[in-house]
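Single chain ahead, by itself, as structure tokens, in the form predicted alone.
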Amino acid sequence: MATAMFQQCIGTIQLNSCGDEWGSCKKFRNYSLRFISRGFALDVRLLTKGSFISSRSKLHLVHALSSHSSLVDPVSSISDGANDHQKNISESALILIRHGESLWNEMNLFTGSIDVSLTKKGVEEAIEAGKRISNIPVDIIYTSSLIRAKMTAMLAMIQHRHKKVPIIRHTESDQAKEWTRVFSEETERQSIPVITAWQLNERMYGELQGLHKQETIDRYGKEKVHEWRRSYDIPPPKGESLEMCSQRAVSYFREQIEPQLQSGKHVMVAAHGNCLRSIIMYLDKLTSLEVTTLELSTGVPLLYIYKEGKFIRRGSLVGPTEAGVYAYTESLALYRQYLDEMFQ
């Protein structure tokens, strides 16, 4: 009789693909399904032997063959576990990338807020940056509104092993939001939102924009130009000081980007030298004197770990290899293992 009742209530279970969110990747060890039918109960325990399970695997109940049986759907249990894991995430990654070489960098012109594209070398730098971060999780991308930063972000993400598609979110009007909606949940899961913000633009150089740097020295004198470029609070004519640039960039970072990190999201920021110097000043608690001597190379990613309310820099500003730039945490090592297993 017990055997007949067991056959009557047993259901079919299969593994289906779901989202690829790194936040959902975790070790699943013991989950139970409980089949109940008229007083007869059977526990079926699922064991994974502690192996690392990708978020592509998710249990779905397909059907129960008996209309008289009822059961506890395992999906909600696993989802709850994933949500608990998300809430308890102890660290998240922050990648900062200065854009690759621009056409005006190559020509030695003051660029500032002028919207110029990358050079061939700049494209190559962006691609190399992407290779260096190809094993680091990215959930959301922030760029300035300028094309050289957006190009750098897009080219870098082409190299990422996860193969998610970066999509610029247009929010400039209600119509732009409506016309750029994605109506497929699966496509949405395979995408990375890219948020552009003018607050992350390069420092506005005022009347210096478009001038050759040597021409500027000839016109205003070497000391005055050095003062404009390297002081913290002295702006060029009709332009921004580093302090003014810092106020908008850091405010945006604290209000928009830092909450993403606090929620467990992994963030990449592709922006500009002075904007990123300002953010690094905030992250590393640099003085106004220290930040004026900080140099950032084009196309070299810098990695921070956000953990317990603190930012910890991993590795140095430059390095010949990925291993030379980043010292992996346990969480990042697990993510790389996940990529090795899923995309080898």
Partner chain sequence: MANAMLHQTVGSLQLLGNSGIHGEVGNNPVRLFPKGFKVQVGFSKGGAYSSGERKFSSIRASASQTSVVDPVLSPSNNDSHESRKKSNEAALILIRHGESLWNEKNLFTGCVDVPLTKKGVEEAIEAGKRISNIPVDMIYTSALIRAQMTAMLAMTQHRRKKVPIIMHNESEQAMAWSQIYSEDTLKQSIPVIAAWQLNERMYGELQGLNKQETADRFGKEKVHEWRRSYDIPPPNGESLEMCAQRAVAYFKENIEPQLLAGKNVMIAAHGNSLRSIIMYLDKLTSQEVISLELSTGIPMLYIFKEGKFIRRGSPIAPTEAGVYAYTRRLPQSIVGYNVGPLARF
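The model shown is predicted, which means the values in this text are computed figures rather than measured ones. Residue numbers count along the first chain shown, from 1.
The protein also exists as the form predicted in complex with the partner chain; that form is not presented, and the subsequent description refers to it.
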Seminar exercise, completed: Counting only non-hydrogen atoms, the one stretch of 236-244, 223-231, 261-269, 90-98 within 4.5 angstroms of the partner chain in the predicted bound form is 236-244
Problem set entry | Contact flag, Pro166 vs the partner chain in the predicted bound form, heavy atom cut 4.5 Å | yes
Problem set entry | Non-hydrogen atom contact Trp104 with the partner chain in the predicted bound form at 4.5 angstroms | yes
Exercise. Applying a 4.5 Å heavy atom distance criterion, does Leu211 contact the partner chain in the predicted bound form?
Worked result: yes
For this session: Spell out, yes or no, whether the shortest heavy atom distance between Gly206 and the partner chain in the predicted bound form is within 4.5 Å.
Result: yes
Problem set entry | the partner chain in the predicted bound form reached by all of Leu286, Ser297 and Arg336, non-hydrogen atom within 4.5 Å | no
Exercise. Ok, Ser251, Asn108, Thr171, Ser184: which has a heavy atom sitting within 4.5 Å of the partner chain in the predicted bound form?
Worked result: Ser184
For this session: Using heavy atoms only and a 4.5 Å cut-off, determine which of Val138, Ile257, Ile133, Leu155 is in contact with the partner chain in the predicted bound form.
Result: Leu155
Exercise. What are the residues of 124-152, in order along the chain, with a heavy atom within 4.5 Å of the partner chain in the predicted bound form?
Worked result: Ser145, Leu146, Ile147, Lys150, Met151
